[in-house]
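Take a look at this single chain in structure tokens; it is the form predicted alone.
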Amino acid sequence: MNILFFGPNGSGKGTQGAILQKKFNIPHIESGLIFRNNISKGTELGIKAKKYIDRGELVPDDITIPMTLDRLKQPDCAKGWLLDGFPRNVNQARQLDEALAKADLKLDYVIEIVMDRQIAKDRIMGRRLCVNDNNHPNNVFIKAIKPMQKDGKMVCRVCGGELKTRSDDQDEAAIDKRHAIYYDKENGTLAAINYFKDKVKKGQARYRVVELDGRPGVQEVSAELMAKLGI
């Protein structure tokens, strides 16, 4: 099963992607990791990409698309793959779609976690980390995993431990910048998603588009996902 997975930062996309990866035993491929692997291995594309990155410039699509396609052709992708974080704009969506068709790589699903921008932002800024165990979920904006109150302060809902925040979770400007790219319906990631949706509406696609409501908890979103995939 070959999947493109979309969702804004804060939507729980990484968690749902991990669930799918385990369910289908396919690699969960993140675009950033593709760059890092090519650069660390000194591949021809990696060397070209590094020159742009070192100058603080965006890597051109004519480097990014072949690099992504090469990753999807690796042996561990023979039974399928889940591509996360790419494409980020409508031009990349069009070029990736064409490249997949040319390489005879069939796309099966385009999955989108739908979430209001403010809710996504709140969920990022509301995350709290337990000092005893980072796997104890706490978020001040999610009722099901809201921290407990003890002696006038918030503590871990699981173990009562002290809570802390990640600095990048509190960087409002950085969050807004990432979300500005994602929620851009003209050229950004939402435009990329709409490119795939339009092809389905016009009967020009073999893949299915699956929309998920990202507002409920992890289990509820996962249950909706599996139901819509017919599992």
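C-alpha atoms forming the largest set that superposes within 1.5 Å between two forms make up the rigid core. Residue numbers here begin at 1 and follow the sequence given. Note that the structure is predicted; figures quoted are calculated from it, not measured.
Separately, the form predicted in complex with a small molecule exists; it is not shown, and the next lines address it.
Answer with yes or no whether Gln95 is in contact with the small molecule in the predicted bound form, where contact means some heavy atom within 4.5 Å. Although the small molecule is absent here, Gln95 would stay clear of it in the predicted bound form, with no heavy atoms inside 4.5 Å.
In the predicted bound form, Lys121 touching the small molecule (heavy atom, 4.5 Å): So Lys121 does not count as contacting the small molecule.
Going by a heavy atom distance of 4.5 Å, is Leu69 a contact of the small molecule in the predicted bound form? So Leu69 does not count as contacting the small molecule.
Heavy atoms within 4.5 Å of the small molecule in the predicted bound form: does Arg178 have any? Contact with the small molecule, yes.
If you check in the predicted bound form, do Asn139, Val155 and Arg166 all have a non-hydrogen atom within 4.5 Å of the small molecule? Per the other structure, none of Asn139, Val155 and Arg166 touch the small molecule.
Quick check on this chain: which one of Gly126, Gly80, Gly85, Gly161 has a heavy atom within 4.5 Å of the small molecule in the predicted bound form? Looking at the other structure, the residue within range turns out to be Gly85.
Within 4.5 Å, heavy atoms only, one stretch in 105 to 113, 143 to 151, 85 to 93, 127 to 135 touches the small molecule in the predicted bound form. Which? So the stretch in question is 85 to 93.
Take the rigid core as the frame of reference and indicate whether the C-alpha of Asp61 shifts by 2 Å or more between the shown form and the other one. After core superposition, the displacement of the Asp61 C-alpha between the shown form and the other one reaches the 2 Å mark, so yes.
For a quick test of reading the superposition: does Val200 move by 2 Å or more at the CA between the shown form and the other one, rigid core aligned? Shift of 2 Å or more: no.
Considering a change of 3 Å or more, are the Cα atoms of Asp168 and Phe35 closer or farther in the predicted bound form than here? Closer, not farther.
Comparison of CA distance in the predicted bound form with shown form for Leu45, Lys102, at least 3 Å: Residues separate in the predicted bound form, at least 3 Å farther apart.
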